[in-house]
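Presented below, as structure tokens, is a lone chain in the form predicted on its own.
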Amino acid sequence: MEITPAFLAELPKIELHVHLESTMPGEMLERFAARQGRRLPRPAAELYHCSAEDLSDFLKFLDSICAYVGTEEELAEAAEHLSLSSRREKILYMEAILNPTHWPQFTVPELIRAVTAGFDRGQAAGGADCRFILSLSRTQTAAEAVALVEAMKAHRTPRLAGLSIDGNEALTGLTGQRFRPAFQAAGDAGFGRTVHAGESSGPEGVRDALDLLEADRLDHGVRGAEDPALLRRLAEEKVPLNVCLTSNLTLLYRRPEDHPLRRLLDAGAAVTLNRDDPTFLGGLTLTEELGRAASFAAMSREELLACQRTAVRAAFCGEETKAALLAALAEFEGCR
């Protein structure tokens, strides 16, 4: 059956790869900046009208916008906004990524406390059930990585779901060996483990994440399709790949036809669909992202639903929550 706008709008959605730093509206940051006696570099409506073609420059810009968030309450407001705005487009469950290196004004306990409070308020007001993942930067040391995991263990809340690592793989090279102890400690503590891999690095970054960090899932992972043997492994082991089509076509693939989404699906890979950095992508909604992916890869309704079920299975939440999400998807499918 045809994938209509109504189908996309009403489809219950699960998102596992979105950065909280890239979800804050310009007008919110303008208010926060004014409290500090500062001004944004551009009008709020134009704040994100900047080039996203260079990953290093993009990461520096993330640092600059996060600096406008000056208090725990403001960070909680940003988290609450994400929960409420997500539910308006039928996102039932979300795991947002937060990298403490972008937030030097806060300690890790303060970050955990503020984001937990914001997500709690959001869900209580009818918003999405949001959890969050703290992410390492590839420029950090092994000791800093272990220290982050120790802080996560000491200040754990039900909203804190896992550990990640992100940053520019092309500049830093492979970092799996350096961060292996931290990821082992996170796994031993019961945290989920996800890794940005197979974006700015090729298949070797995917293997690094799987073999050394023992990742439960991969953020991006698309360049694993460049190696036939690795693609077979990803499909056979059903490693969840949190694919971000629009982001990839902006930062990674200069020729849209090179993106392997259709090949991943045909190979039987476990694919989820996500936005990555929505404010930098024109205020991209997940509904829009699903529509673009469906059109780009000629996906069927069943394939879109399968991506949502894959996201449920890949989520870092308990079985009770997963059962409720799968039931919502089944009810939706039964009404179509």
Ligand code: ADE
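The first residue of the shown sequence is 1; numbering continues from there. Quantities reported herein were computed from a predicted structural model and do not represent experimental measurements.
We do not show the form predicted in complex with the ligand, though everything after this point is about it.
- Using a 4.5 angstroms threshold between heavy atoms, residue 199 counts as touching the ligand in the predicted complex.
- Although the partner is absent here, residue 277 is a contact residue: one of its heavy atoms lies within 4.5 angstroms of the ligand in the predicted complex.
- Using a 4.5 angstroms threshold between heavy atoms, residue 187 stays clear of the ligand in the predicted complex.
- Put simply, residue 242 is far from the ligand in the predicted complex: not one heavy atom of it is within 4.5 Å.
- Although the partner is absent from the chain shown here, none of 11, 93 and 322 has a heavy atom within 4.5 Å of the ligand in the predicted complex.
- Partner contact region in the predicted complex: 160 to 168, out of 125 to 133, 160 to 168, 175 to 183, 76 to 84, criterion any non-hydrogen atom within 4.5 Å of the ligand.
- Among 284, 62, 267, 28, the residue placing a heavy atom within 4.5 Å of the ligand in the predicted complex is 62.
- Of all the residues from 238 to 254, those having a non-hydrogen atom no more than 4.5 Å from the ligand in the predicted complex are 247, 251.
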